[in-house]
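Only one chain is shown below, in structure tokens, and it's the form predicted alone.
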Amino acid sequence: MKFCGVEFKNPMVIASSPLTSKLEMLKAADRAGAAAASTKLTFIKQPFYGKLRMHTYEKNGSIICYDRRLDIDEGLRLTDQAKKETNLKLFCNITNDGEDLEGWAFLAKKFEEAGSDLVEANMVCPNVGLSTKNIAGDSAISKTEHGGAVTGQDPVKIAQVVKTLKESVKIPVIVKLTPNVTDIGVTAKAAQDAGADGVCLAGAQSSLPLVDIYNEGKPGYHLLNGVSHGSLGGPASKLNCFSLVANIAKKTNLPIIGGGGLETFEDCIMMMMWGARLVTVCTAAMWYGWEVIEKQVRGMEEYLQKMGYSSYDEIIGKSLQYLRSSCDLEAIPGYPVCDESKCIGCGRCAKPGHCNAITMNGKRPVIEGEKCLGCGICVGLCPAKALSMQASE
């Protein structure tokens, strides 16, 4: 399949992250079956040298507010080595933390010379500039805190950077946009109008961690002297990212890389059905290892065969046909029905506080259809998948 004119063997891209900061990890991504990787965020010279600290809330989400990035010599060396020793297509994830445009051009040219297949202009990272802005406001941002999400919140700056990059390199220019805006469609349209070849969306909602309420509200980070607004990943970001991708798919003609909380091949297929051409994964592999990537790639390929699709092109944007304004929606009357051969009599379906349509007779649910509100919560709660919603005749 093709993305911005570049051939990919499948839709799987490993997101710019600690997973793509070293050659041995890029080799592991290649062995796992990924088609591409976005190398770790690179600066001409990073504004501060962090170390990876991560808040992990398993089955929910993760937040990174402090991490080690790469300086240009490190990023170029990594790219050169990876092009020689892997079969991956490589995105160079770059940002310029100053107000000038020359830094963007310099980085892009150097990575093109090193062999990068595509530029990924990082306008998403909340840890450079946006964390300061969220704490103390615009006036607190220094002259070296203008990269990442601070740039990605400003359509004018986005356009300026994209035009500069397009004038500087021949390889495709992809913009990785921050979700921390009022309307992602506006910033995506600014990128498109300036000549961007594509966009990437992948988590990064500005977030704070759980805190210890029995220890003066200490944030849930290990080995860190405080906490800053960080980048959300993991399952908590998935539904929001579906919305972001669909928003862009409806408002622009740009090909999209979609990510955020993708743990299974089904998640990846759903992201593509909401409009993504490629998918990108980070947290799942950081939590559970490279076998997650292997399963996702294998699962997507088997899905195509099982469903009779000849290519991924046939599923991209399939779900957009159902997207409409709330005022155009119509509720269909109905109620849940129970497959008693599956029911385990746990009683969870009778728990919702707003509903009295289901009561338990011993271990058997009794459903009064005329009382049903049609919310579908009981179906979602059922651990045995014994309930399904049926339209009224």
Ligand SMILES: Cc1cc2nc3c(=O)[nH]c(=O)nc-3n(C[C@H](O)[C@H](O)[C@H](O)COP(=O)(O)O)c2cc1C
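Residue positions are given as counts along the sequence shown, with the first one as 1. Model, not experiment: these values are computed from the prediction.
Same protein, other form: the form predicted together with the named molecule, not shown, and the subject of what follows.
Peer 1: Looking in the model of the complex, is the named molecule within 4.5 angstroms of a heavy atom from every one of Val124, Val281 and Met286?
Peer 2: Answer is yes for this spot.
Peer 1: Can you pick out, from Leu26, Ala35, Ile64, Ile358, the residue that has a heavy atom within 4.5 Å of the named molecule in the model of the complex?
Peer 2: Checked against the cut-off, the match is Ile64.
Peer 1: Scan Val366, Ile344, Leu52, Val337 and let me know which has any heavy atom within 4.5 Å of the named molecule in the model of the complex.
Peer 2: Only one listed residue qualifies here, and that residue is Leu52.
Peer 1: Heavy atoms within 4.5 Å of the named molecule in the model of the complex: which stretch among 72 to 80, 103 to 111, 270 to 278, 256 to 264?
Peer 2: Selected stretch: 256 to 264.
Peer 1: Looking at the partner-bound form in the model of the complex, is Gly234 within 4.5 Å of the named molecule by any heavy atom?
Peer 2: Yes - in the model of the complex, heavy atoms of Gly234 and the named molecule come within 4.5 Å of each other.
Peer 1: Would Gly203 sit within 4.5 Å of the named molecule in the model of the complex, counting heavy atoms only?
Peer 2: Because a heavy atom of Gly203 falls inside 4.5 Å of the named molecule in the model of the complex, the answer is yes.
Peer 1: Contact with the named molecule in the model of the complex for Asn93, defined as at least one heavy atom pair within 4.5 Å: yes or no?
Peer 2: So Asn93 counts as contacting the named molecule.
Peer 1: Scan 3 to 19 and write down, in order along the chain, each residue with a heavy atom lying within 4.5 Å of the named molecule in the model of the complex.
Peer 2: Heavy-atom contacts within 4.5 Å come from Ala15, Ser16, Ser17, Pro18.
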